[in-house]
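A single chain, nothing else alongside it, follows as structure tokens in the form predicted on its own.
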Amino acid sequence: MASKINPRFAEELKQYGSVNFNACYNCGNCTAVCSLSTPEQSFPREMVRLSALGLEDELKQSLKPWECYYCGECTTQCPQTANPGELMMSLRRWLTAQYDWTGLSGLLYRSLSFTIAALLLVAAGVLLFARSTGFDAERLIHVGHLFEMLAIGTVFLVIFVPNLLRMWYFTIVKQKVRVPLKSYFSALPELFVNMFTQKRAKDCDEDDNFRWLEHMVLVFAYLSLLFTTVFLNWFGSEHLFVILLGYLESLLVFVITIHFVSGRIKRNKSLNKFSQPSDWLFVIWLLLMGLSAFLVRLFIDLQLLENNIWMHILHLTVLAQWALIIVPFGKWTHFLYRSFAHYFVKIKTMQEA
């Protein structure tokens, strides 16, 4: 059956941040310099051609956009300034919207006004709740802890599980890849190794592994802070080890995201030149998460929180916006989809061997 072509796809993709990819005349420079290219795998030229032709089904069935970590070499070497690296980034945003059964990811990516409205709505909800408690610090801390646990479970079960099943359907089932059940279990190490180390990023920065190391430290710091706050009850704990661990984790998150924000402001690399609102929201809210969590615990230890309850309300607002908008529907999802993409690639490779 012939693939359906969408002649308006290029215009649609512009809403997700693509820049001038139709200028490509298929010279092959991007593929020649890409460290992920092999005789069997054409990075990123194949994605450029599929996008130019508007072959949406083939794009939805592809995992290649997730294998790219945007080192920027393809964009730097493109003689037509077609920005193939930015196209791969835009395809990741577009794919996120295709996987999302709620449709909210697409709305948030395409509309800054809708994103701002959603953030303000969540902030208003937090303020109304704080007011209903009489701005009681102890109750707000308790409810904030319960909210984190509830949000994690709800987002995972209601948003991520269905979306990952849709991703699996597009990339495995639709391609008619027959996978024995045992292959899903034997490929699990690939999922967890990529999730926690992002090892494929090293292939994109062979001469400088600092970006990979920085991302890996951030992943561990963020996940550790999440564990410390939710499961070790950092704000309510009196154990010195837990308290110091939380301080270290929140400080690492803050310092690393400061560096990310600085890079986006300076636009000193290809991946920072065309930053979209979703890119800014991700790093700024991650920065605010680390900083506000650090300050709330500091105010608790200095016994200042009762008289500075607005610090905790600020943290609750950032936390709620992060948990309800940015994590399930924003750029944070790339971390999850990318890890599962490598997992599905491993499964496909095992079947072909």
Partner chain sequence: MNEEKKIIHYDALVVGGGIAGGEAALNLANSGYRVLLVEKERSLGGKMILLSKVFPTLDCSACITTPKVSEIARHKNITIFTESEVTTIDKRSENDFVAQITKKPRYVHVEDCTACQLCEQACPVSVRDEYQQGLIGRKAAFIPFSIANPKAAAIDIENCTLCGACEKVCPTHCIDFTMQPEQFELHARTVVMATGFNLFDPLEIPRYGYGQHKNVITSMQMEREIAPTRPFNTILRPGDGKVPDKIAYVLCAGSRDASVGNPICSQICCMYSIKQAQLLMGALPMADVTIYYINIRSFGKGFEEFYQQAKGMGVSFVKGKIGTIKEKENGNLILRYEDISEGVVKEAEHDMVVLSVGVKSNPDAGKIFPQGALKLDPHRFVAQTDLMGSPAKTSIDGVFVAGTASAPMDIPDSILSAGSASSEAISYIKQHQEA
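We call the rigid core the largest set of C-alpha positions that still match within 1.5 Å between the two forms. Remember, it's a predicted structure, so these values are computed and weren't measured experimentally. Positions refer to the first chain, counted from 1.
The protein also exists as the form predicted together with its partner chain; that form is not presented, and the subsequent description refers to it.
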**Prompt:** 167 to 175, 101 to 109, 72 to 80, 147 to 155: which one contacts its partner chain in the predicted complex at 4.5 Å, heavy atom to heavy atom?
**Reply:** 72 to 80
**Request:** With heavy atoms only and a cut-off of 4.5 Å, decide whether residue 45 touches its partner chain in the predicted complex.
**Result:** yes
**Request:** Give a yes or no for residue 29: in the predicted complex, does one of its heavy atoms lie within 4.5 Å of a heavy atom belonging to its partner chain?
**Result:** yes
**4.5 Å heavy atom contact, residue 34 to its partner chain in the predicted complex** = yes
**Asked** Do residue 38 and its partner chain share at least one heavy atom pair within 4.5 Å in the predicted complex?
**Response** yes
**Item:** Flag for residue 41, CA shift 2 Å or larger between the shown form and the other one after aligning core
**Value:** yes
